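Have a look below at one chain only, the form predicted on its own, in structure tokens format.
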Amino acid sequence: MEKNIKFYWKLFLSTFTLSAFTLGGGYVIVPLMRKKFVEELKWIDEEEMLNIVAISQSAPGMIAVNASIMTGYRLAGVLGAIIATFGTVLPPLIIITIIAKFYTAFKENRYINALLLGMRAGVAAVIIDVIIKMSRNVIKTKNSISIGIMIVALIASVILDINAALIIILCGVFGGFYYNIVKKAGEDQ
């Protein structure tokens, strides 16, 4: 893929529009990024997008921004990361600036409060959709270690009520240990 002004503009517009028209945070924008960059533009393959999402969740900061940085960097290096990040951060910055200006009017408006309450259900549905799709992708790999990690993480989160950050860190440590030490040792023999 040729890295010209048209490519960078398309990268910026893609991240800008995804960010501008996505309500609900990073877990909502990630499946839309997947649809845009994997299915529509075919700039990234499915497995690589899963890896980008995993790293984005594990890194400190907002998942949408982390995913944009990773995607932009993967596609076009540092300049791509900067452009994708700017495209992702600019819409919330504009929207929050406008909301801050009219905060009192928004806070006391019952219609806006009702609208936001209704949006919660939609956001929950999108998050459940993400969980189902990502779980299917992990199961499709038929990798028993990845499936086991997913099941243990689910149990730790839902049943044992362990903090999500701790689960992500432990899964990352285990995955890094397993794939870089145990699996490499098995391949060397």
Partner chain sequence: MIYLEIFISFFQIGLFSFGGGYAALPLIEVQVLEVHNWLTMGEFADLLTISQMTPGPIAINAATFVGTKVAGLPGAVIATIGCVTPSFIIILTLSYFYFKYKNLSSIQGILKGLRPAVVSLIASAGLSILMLTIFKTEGTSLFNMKLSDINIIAIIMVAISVFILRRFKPDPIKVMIGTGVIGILIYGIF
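We call the rigid core the largest set of C-alpha positions that still match within 1.5 Å between the two forms. In this text the structure is predicted, and so the values were computed from the model without any measurement. Numbering follows the first chain given and starts at 1.
Below, we turn to the form predicted in complex with the partner chain, even though it does not appear here.
Engineer: Is there any non-hydrogen atom of residue 179 lying within 4.5 Å of the partner chain in the predicted bound form?
Structural biologist: The answer is yes: residue 179 has a heavy atom within 4.5 Å of the partner chain.
Engineer: With the cut-off set at 4.5 Å between non-hydrogen atoms, does residue 38 touch the partner chain in the predicted bound form?
Structural biologist: Residue-level check for residue 38: no, no contact with the partner chain.
Engineer: Residue-level question: is residue 184 within 4.5 Å of the partner chain in the predicted bound form, judged on heavy atoms?
Structural biologist: Yes, contact at 4.5 Å.
Engineer: Does at least one non-hydrogen atom of residue 140 fall within 4.5 angstroms of the partner chain in the predicted bound form?
Structural biologist: Residue-level check for residue 140: no, no contact with the partner chain.
Engineer: Considering only 164-181, what residues come within 4.5 Å of the partner chain in the predicted bound form, judged by heavy atoms?
Structural biologist: Residues within 4.5 Å: 164, 167, 168, 171, 172, 175, 176, 179, 180.
Engineer: When you overlay the rigid core, is the Cα of residue 78 off by 2 Å or more between the shown form and the other one?
Structural biologist: No, the C-alpha moves less than 2 Å.
Engineer: After core superposition, I'd like to know whether residue 9 moves between the shown form and the other one (criterion: C-alpha shift of 2 angstroms or more).
Structural biologist: No, its C-alpha moves less than 2 Å.
Engineer: How about residue 32 - superposed on the rigid core, does its CA move between the shown form and the other one by 2 Å or more?
Structural biologist: No, its C-alpha moves less than 2 Å.
Engineer: Pin down for me whether the residue 176-residue 62 Cα distance shrinks or grows in the predicted bound form relative to this form (closer or farther, change of 3 Å or more).
Structural biologist: Those two alpha carbons end up farther apart in the predicted bound form.
Engineer: Classify the change in Cα distance between residue 138 and residue 56 in the predicted bound form as closer or farther, relative to the shown form (magnitude of 3 Å or more).
Structural biologist: Farther apart in the predicted bound form, by 3 Å or more.
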